[in-house]
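In the structure tokens that follow, the same protein chain appears in two forms, which are kept apart as structure 1 and structure 2.
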Structure 1
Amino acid sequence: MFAYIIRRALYAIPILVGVNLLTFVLFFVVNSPDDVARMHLGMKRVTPEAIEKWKEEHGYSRPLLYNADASGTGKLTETIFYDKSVRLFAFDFGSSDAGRDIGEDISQRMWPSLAIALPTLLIGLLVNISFSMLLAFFRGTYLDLSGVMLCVVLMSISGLFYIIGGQYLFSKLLHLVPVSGYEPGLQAWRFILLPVVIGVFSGIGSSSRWYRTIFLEEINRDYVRTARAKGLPEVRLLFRHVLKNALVPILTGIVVVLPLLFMGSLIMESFFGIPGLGSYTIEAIQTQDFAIVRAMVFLGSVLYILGLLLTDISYTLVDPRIRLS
């Protein structure tokens, strides 16, 4: 088991190298640091001196890949590639274009993100499984049909509508919770409640419909017929046999996104003013702070790969047919 995890972790290295090269090409080759500087300084009346100064201030003055002026290993290490890309492997994110320490920011802002994303996921899972089980139990009836129809309608509504509508209804009309903002500690629940409710609600359509398909697929399998031939009641059949088998694809589909919960939700956090990583990223995008975007890309892929690893492990826990080898 341990050896397997180590081996899988090694698999991650070439992928992270790939991600890193890709972002390097995107951020430094498509547009040179000069271009970026020019854009930041505004288009008109940009002097070469101003560009140099901007690059100096933000640490982009070194050559991209090869520093002929340096000596020894410095030829390779005193470059932008080393500074900005290789260091990410040590989780050294450097500082943002605005001069803040990105690593510090991340460690502070991931908790509010998690405070929203985790409850959304768990409550959503519970709601969706219950709802889809209900539909599966009444499969083929009008209840099922209208349930599916409702799912399709719900999933056809833009997520932005749920947020805007929810904010309007609960905060502006009913004054149940604050429109936006955040406060650490126990008082946080007032700010978390609405985003979580909206997050769960906007996910019901697609998830419940998908889970229902999984349940129906399982219900049609031979082993269910065997169980029925044993004389088991339908409810027990659904909970002991079908649910257990259906949880294999459902849970493993969830596990892969678990680590990514730290990244938060871009839209939700920015609408509700939650100081999490999602709103951090969106601010970076809107202010064109590429250092932060680069860091988040790397962090995101690390978390994704971690999710893949956890998925493999969780498979072995829920599905006896799969053993780690």
Structure 2
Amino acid sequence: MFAYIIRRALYAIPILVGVNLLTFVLFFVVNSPDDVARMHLGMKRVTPEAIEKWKEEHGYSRPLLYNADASGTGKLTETIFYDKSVRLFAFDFGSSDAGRDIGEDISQRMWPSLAIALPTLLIGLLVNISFSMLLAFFRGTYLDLSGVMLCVVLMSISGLFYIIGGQYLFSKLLHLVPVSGYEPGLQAWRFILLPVVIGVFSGIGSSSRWYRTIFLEEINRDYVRTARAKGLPEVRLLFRHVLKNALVPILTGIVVVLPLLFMGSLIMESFFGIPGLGSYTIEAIQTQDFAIVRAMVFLGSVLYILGLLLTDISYTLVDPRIRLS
């Protein structure tokens, strides 16, 4: 098992290096530092002197890959590639184009994102798995058919409808929670309650229908028919055997949303005014602060690869056969 985990961890290194190199090419080769300076200064009537001054102030005046004027290791370290890309592997995100410390901003904004994403994930898993197992238990009945139709209806509705409708109903009409904003501390629950409820409710349709398909596939396997023939109760069969053997595809789906625990939801945080990493990324794109965008792309890649690694480890716990592969 240990060798399996080490092998999976080593696979992640070239992937992360490749993402870093691709990001560098997109931001510094396709879109040169001169282009970035023009976008910040204005496309019209920008003098070469103003461009060079802006590049000097923001650390874009160095050579891209090789500094022939430097000595020793400085030929490689005194470059844009080392300063803007290599340092990311040490989680040194540097400063934004506006002069703010990106690492400090991330450490402050990750907590509001976690406050929304973590309860949404855990409560959503509990609700979706329970609902889909209920449909699987009553498979082929009117309850199952009604549940599937409800899932299709929920899937067909845009997530923006849930957000706008929830704000109008619970905030403007019933005045139960604030429309938007955020307040740290004990009063934070008032601001995250509605986003969490909307996040859970909007995901019921697609997730429950997918889990139901997984459970029905497991129910039709030979070991389930054998256990049922031996007189094992249906409820015990579902929760003890079917659910356990269905964990592998369920864990595969969970890994997709793991980066969102830290990265935040772009749409949700923007509509509710939550100062998380999702709104942080949106603001950086709007202001064309590419230093923040690069940092968030790299951080998202690290979190996604870490999620894949954790998923591989969890596979070995729920399915011992994978340890031998």
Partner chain sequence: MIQPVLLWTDALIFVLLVVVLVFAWVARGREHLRAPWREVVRSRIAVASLVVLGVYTVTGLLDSVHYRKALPTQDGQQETQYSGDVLSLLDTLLGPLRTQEEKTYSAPFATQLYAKETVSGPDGTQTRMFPRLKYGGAHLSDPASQKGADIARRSALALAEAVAVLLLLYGLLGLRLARKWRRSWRAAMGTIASGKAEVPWRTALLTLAVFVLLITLMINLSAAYHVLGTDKVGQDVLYQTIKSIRTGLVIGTLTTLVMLPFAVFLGMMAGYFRGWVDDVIQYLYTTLNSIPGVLLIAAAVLMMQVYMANHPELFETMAERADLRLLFLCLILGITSWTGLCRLLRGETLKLRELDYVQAADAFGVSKSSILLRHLLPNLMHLVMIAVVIDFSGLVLAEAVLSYVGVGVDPTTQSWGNMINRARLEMAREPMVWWSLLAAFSFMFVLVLAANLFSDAVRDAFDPRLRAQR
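Just so we're clear, the structure is a prediction, and the values are computed from it rather than from any experiment. One-based numbering along structure 1's sequence throughout. Here, rigid core means the biggest group of C-alpha atoms that superpose within 1.5 Å across both forms.
Next on the checklist: Structure 1 or structure 2: which matches the form predicted in complex with its partner chain?
Outcome noted: Note: form predicted in complex with its partner chain is structure 1; the other is not.
Next on the checklist: For a quick test of reading the superposition: does L21 move by 2 Å or more at the CA between structures 1 and 2, rigid core aligned?
Outcome noted: It does not, since the L21 C-alpha is displaced less than 2 Å between structures 1 and 2 after the core fit.
Checklist entry - In Å, how far apart are the CA positions of R7 between structures 1 and 2 with the rigid core superposed? => result A shift of 4.3 Å at the C-alpha.
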